[in-house]
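Just one chain is shown here, as structure tokens, and it is the form predicted alone.
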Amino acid sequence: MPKAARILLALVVLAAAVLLPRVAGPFWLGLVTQMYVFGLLALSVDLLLGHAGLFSLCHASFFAVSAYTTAILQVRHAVPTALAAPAGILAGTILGLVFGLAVRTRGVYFILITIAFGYVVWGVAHRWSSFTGGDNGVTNVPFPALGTLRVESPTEYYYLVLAVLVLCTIGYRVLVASPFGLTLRGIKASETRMRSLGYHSDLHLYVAFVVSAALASLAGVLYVYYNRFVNPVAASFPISVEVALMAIVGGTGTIVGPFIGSGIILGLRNWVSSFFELYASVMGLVFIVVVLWAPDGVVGLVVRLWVRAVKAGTR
């Protein structure tokens, strides 16, 4: 697709997102806000999966730690948003500095280590009930406020999330197009060759892991202000699997793919679960269909159809 067409499409999508609260009811507005938040979490996973070739299954840990930190500071210690939200992002990023040591491994060993890391955080959140609240979690998290500027409705919070989303996607685009992002893709294509060229692959992957953890932590802060509470479910293994599935379904290595995947997965989950208890089975079937018939995700499928249409038109 030509660059001008991509820019025009992005502007149309942004305009539709800005106008959505005028036509959508509270349920749909809340669902789309949730899609934005989990799309951002899926984007953090895709920084490793789509650009570095690392399949992480512990990103729910950064998501949950940042959410818990923000919620505990705000609810129990009356810390203002201006300090609680950055503290949450910092806590998740520090955890990423520790978990990032997993990049010393590759393949299935990396996957297994990240799963183990994730279960450690989930176990702490579930068992340390005197601090985390156990299954009841931390409730009554207030809307964010910055001095006299306060978010007082779901619509206002929707616009806040949308603004953060736009800034994050612009920053993400700059990152993946930078020499650092190109190096990550080179490592994914052939780590041996990149090492022979003098690149320190482990260091690049470690930095990418920490940046990915910071992005997941930001998603956790947005989540806790949207959900108004957090419990151990946020740190559970299914969340890590689900956001990885969002990135794969939408299309790895792209910016819009994780958000498209988030919309598909959350939309299906809310629709199917309303009349079918085993909705997780439907999610599994969706994943199987995508892997078999659209391995590049929805974005890859659209690109292939576009190229085919252009070639047919040229002929």
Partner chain sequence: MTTSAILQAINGTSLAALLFLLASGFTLTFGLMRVVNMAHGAYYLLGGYIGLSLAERTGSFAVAIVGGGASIVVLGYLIDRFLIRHTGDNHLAQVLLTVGVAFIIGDVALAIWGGDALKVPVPPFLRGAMELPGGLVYPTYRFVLILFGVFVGAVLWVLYRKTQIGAVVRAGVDDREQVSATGIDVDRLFVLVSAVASFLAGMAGVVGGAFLALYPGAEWEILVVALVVVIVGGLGSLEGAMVGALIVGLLDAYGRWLLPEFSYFVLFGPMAVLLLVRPRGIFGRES
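Here the structure is a predicted model, which means the values were calculated and not measured. Here, rigid core means the biggest group of C-alpha atoms that superpose within 1.5 Å across both forms. Residue numbers count along the first chain shown, from 1.
The discussion below concerns the form predicted in complex with its partner chain, not included here.
Residue heavy atoms within 4.5 Å of its partner chain in the model of the complex occur in exactly one stretch of 116-124, 85-93, 189-197, 210-218, and that stretch is 116-124. Interface residue among L47, V65, I248, L40 relative to its partner chain in the model of the complex, by the heavy atom within 4.5 Å criterion: I248. The contact residue chosen from V151, V79, I111, L165 relative to its partner chain in the model of the complex is I111, the criterion being a non-hydrogen atom within 4.5 angstroms. When contacts are judged by a 4.5 Å heavy atom cut-off, A145 does not count as touching its partner chain in the model of the complex. Using a 4.5 angstroms threshold between heavy atoms, V176 stays clear of its partner chain in the model of the complex. The closest heavy atom approach of M35 to its partner chain in the model of the complex falls outside 4.5 Å. Looking at F99, you'd find a heavy atom of it within 4.5 angstroms of its partner chain in the model of the complex.
Once the rigid core is overlaid between the shown form and the other one, V23 does not reach a Cα shift of 2 Å, moving by less than that.
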